[in-house]
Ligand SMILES: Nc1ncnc2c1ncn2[C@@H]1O[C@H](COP(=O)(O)OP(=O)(O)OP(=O)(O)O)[C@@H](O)[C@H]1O
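Presented as C-alpha cells, the chain that follows is alone, the form predicted alone.
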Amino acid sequence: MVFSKKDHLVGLDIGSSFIKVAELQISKKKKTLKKFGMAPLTPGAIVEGRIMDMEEVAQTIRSLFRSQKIRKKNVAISTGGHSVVIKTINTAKVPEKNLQETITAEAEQYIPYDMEDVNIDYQILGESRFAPDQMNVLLVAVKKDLVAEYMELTASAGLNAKIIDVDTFALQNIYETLAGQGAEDIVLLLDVGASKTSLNILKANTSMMMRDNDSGTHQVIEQICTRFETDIQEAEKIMQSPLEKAPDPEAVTMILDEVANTWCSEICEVVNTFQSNTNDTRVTKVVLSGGGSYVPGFADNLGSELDVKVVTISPFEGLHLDGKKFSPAFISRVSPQAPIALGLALRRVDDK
C-alpha cells in the first residue's frame, strides 16, 4: 500500500553526541530517501540517555529540521540504556483476552523497577521449542519518567512523538530491508554509540538475545582528556581527526587500541555466553554500526577474536537515492550513524 500523509513519520534519533533525522517516501514499489541530516550536541547535554539540558537539545532539533527543510511534525523516536529492559521470556499459552494480565504478572520477576514506574509492551515470538504449551515472548519495559522526558523534549522542539521505539528495534528494522541475508545465518547487530553499546543476535530476523552495556566512544574521549589535560570539545576533535594530526599519534593510537580491546572483551563474553547456552549455535557474521565503527582496528580485532566476518552496515542499500542530493561520499561517511534514524523513519502511526 501507499502510506497516507497522516501515517507519515520522520525518524528522529536522539543520541548523546549527535541528533540524526531521516525522512522517507514509501510506495508499493520502493522506499526513497527524501532527507537525512545530522547535528552535533554540546557535550553533557544528554548523559546516559537522560536529558541534562532540555533547551539545548530542543534547539538543536529545531535547527536540524530547519536546515533539512523538514516540515512534518510527527516523529518516531527511540531510547535505550538502563531505563529500558528487554527480555525474552517463556510463559504459558493463554487466551488472548488474558494475555496482557499474564505477561504483566510474569514481568515482575524480570524487571528491576516498581511495576507502577514502567510502561510494558510485548511481542509474541512463537511457540517454545521445548514445551508446546509454552510460548516465547519479547518483553519490553521502559521507565515512565524517561518516556515523559522525551515527550517533553519533542514538544519543546515543536514536534509530536507518535511512536517511542527502542534503539535496538529501530536498528533491526532497517537491517531487515537489506539484501543478502541467509535464513540460517546467526547475525550479531552491534551498535557502538557514544555512551551505550547495543547487541542484538538474530536468526532469520528473529531476535535470540539482546543486551545493552555502558561502553562507548565516551571512553576514548575521557582517556584523551586525561592524557592531554584538555577539555571534552578538544578531545573530540583529536578523536575525529586523522591520527597524523594528533598532538601525539602514538599516545592516541594506544588509547584507541586499549578501548577497542575492552569493547572486544565485553562483546566476546556476551557472544560466548549466548553460544554456550544455545547448543554451540555460532554467530556467523557481525554487522557493525555507530560511532565506534570509526575506531581504527576495532572491527579487525573483533573479527579475529570471534573468528567471524565483521562488516559495517550499509543502511541506505535498500533505499532509492537521488545521486544529486546525496553524494556517494556523503552516504559513505554517515552510513555507520544513520541506521537508527532510518529504521525509525520506516515506522508508521499504527505500527505494533
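Remember, predicted model here, so these are calculated numbers, not experimental data. Residue positions are given as counts along the sequence shown, with the first one as 1.
The form predicted together with the named molecule is left out here; the points below concern that form.
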Only one of 87-95, 126-134, 215-223, 172-180 has heavy atoms within 4.5 Å of the named molecule in the predicted complex; I'd like to know which. 215-223
From the list E106, E266, E149, E236, which entry has a heavy atom within 4.5 Å of the named molecule in the predicted complex? E236
Using a 4.5 Å heavy atom cut-off, which residue among L188, V166, A260, A194 comes into contact with the named molecule in the predicted complex? A194
In the predicted complex, does Q100 have a heavy atom within 4.5 Å of the named molecule? no
Applying a 4.5 Å heavy atom distance criterion, does Y294 contact the named molecule in the predicted complex? yes
Partner proximity in the predicted complex: P315 to the named molecule, non-hydrogen atom cutoff 4.5 Å: no
Evaluate G15 for contact with the named molecule in the predicted complex, applying a 4.5 angstroms cut-off between non-hydrogen atoms, and reply yes or no. yes
